[in-house]
Ligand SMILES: Cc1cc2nc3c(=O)[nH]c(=O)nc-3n(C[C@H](O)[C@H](O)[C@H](O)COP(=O)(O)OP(=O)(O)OC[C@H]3O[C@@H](n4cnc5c(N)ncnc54)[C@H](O)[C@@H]3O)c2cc1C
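Starting off, we have a lone chain in the form predicted on its own, written out as structure tokens.
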Amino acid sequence: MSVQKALVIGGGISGLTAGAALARRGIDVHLVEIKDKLGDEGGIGLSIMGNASKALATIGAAQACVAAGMPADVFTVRAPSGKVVAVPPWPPLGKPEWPAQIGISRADFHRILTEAAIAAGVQVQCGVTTRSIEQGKERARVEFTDGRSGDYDLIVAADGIYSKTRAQLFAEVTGPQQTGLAIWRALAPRPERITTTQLHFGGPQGLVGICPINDENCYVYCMHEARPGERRDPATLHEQLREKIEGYGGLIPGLAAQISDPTLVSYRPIEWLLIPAPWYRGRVVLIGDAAHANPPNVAQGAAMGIEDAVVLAEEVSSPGTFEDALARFMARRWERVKLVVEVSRSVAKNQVEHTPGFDAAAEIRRASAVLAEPY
């Protein structure tokens, strides 16, 4: 094994998964998070697709996600009026062991990943991050913002789409790009009969949907075209979202009436990122949003970061040189991630623009055929 001691920068989904995956393979793992505590404070919910559940099972977290979330094997496609158009299956990426899709709150998901990392032996420190990284042939020297320093065989940069590590070590790489789209998410009580995602296609917006995340709650979401640099008044986010989804039928009006707290609504422009291969410099490797990010319409953004983490742990704990391990990691990740970024960008753009004849389902099936293969 070429790695004995590793540092993970960032305590989000990719970072916690990487920490747990590395530690479970006998590696001494330190994780630093710049926030004062671990936790996804700004998120509402997300979908965990079957391929992500397979990866999460390797760190002992998949069953906890099933228990905390709302598993489903089908979804409903609806007209703007709410009329059911089709009830297709989710791509069976987790079969036979895991549900095709799990809706879950971000708070519950982050808690599960934190527990998995700590149980694996990851040493976590919050309120601190790296100040500098000095690369050596055998190890990298890290200076931290609290004055400490340390030497590591591997540094995993999972510090998000605005990664400071990427900016320091990959200066030639262009940062995230605007897609011209935005997404809203709002927490709402789950109607009793909703046990799977409902997607409303058509109407004035690109996509309006409902995703149940546990027995009590669901989230309503809306994707639409947005001007670059567009700002939203945080005090009236609930009112703005209700206006965006006005005119949609089915359960949308009843849920919209219950969206009354702006702090339970998130709005963000959608950015994308795919830095060229390889995603490493010396002993520093970028994973997750630090290396790639995409629109959420194929529910694979978090999944790709989770897979990154698990594959990296597998490779650096295998026999061979460090350089060979990183090359194998990159070979396993590049085409898979590139496809997800390209398909999600294409689907989002054409849905929002209501492109005549565009077959979003065919594009998603194309990506799913690849994602059904082992990562």
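Not measured: the values here are computed from a predicted model. Numbering starts at 1 and follows the sequence shown.
Omitted here: the form predicted together with this ligand. The next part is about that form.
Asks: Choose from 315-323, 328-336, 343-351, 44-52 the stretch whose residues reach within 4.5 Å of this ligand in the predicted bound form, heavy atoms counted.
Replies: Careful reading of the contacts points to 44-52.
Asks: Quick one: is Ala158 in contact with this ligand in the predicted bound form, heavy atoms, 4.5 Å cut-off?
Replies: Output for Ala158 is yes: heavy atoms within 4.5 Å of this ligand.
Asks: Hey, in the predicted bound form, is Gly206 touching this ligand, heavy atoms inside 4.5 Å?
Replies: Gly206: no contact with this ligand in the predicted bound form.
Asks: Do Ala120 and this ligand come within 4.5 Å of each other in the predicted bound form, heavy atoms counted?
Replies: Outside the cut-off, so no.
Asks: Quick one: does Pro71 come within 4.5 Å of this ligand in the predicted bound form, counting heavy atoms only?
Replies: Taking the distances in the predicted bound form, the answer for Pro71 is no, it never comes within 4.5 Å of this ligand.
Asks: Ok, Lys95, Arg268, Lys83, Arg141: which has a heavy atom sitting within 4.5 Å of this ligand in the predicted bound form?
Replies: Checked against the cut-off, the match is Arg268.
Asks: With this ligand left out of view, which of Val310, Ala61, Ile27, Val32 would have a heavy atom within 4.5 Å of it in the predicted bound form?
Replies: None of the others qualify; the residue that does is Val32.
Asks: Mind listing which residues of 64-86 have a heavy atom within 4.5 Å of this ligand in the predicted bound form?
Replies: Heavy-atom contacts within 4.5 Å come from no residue here.
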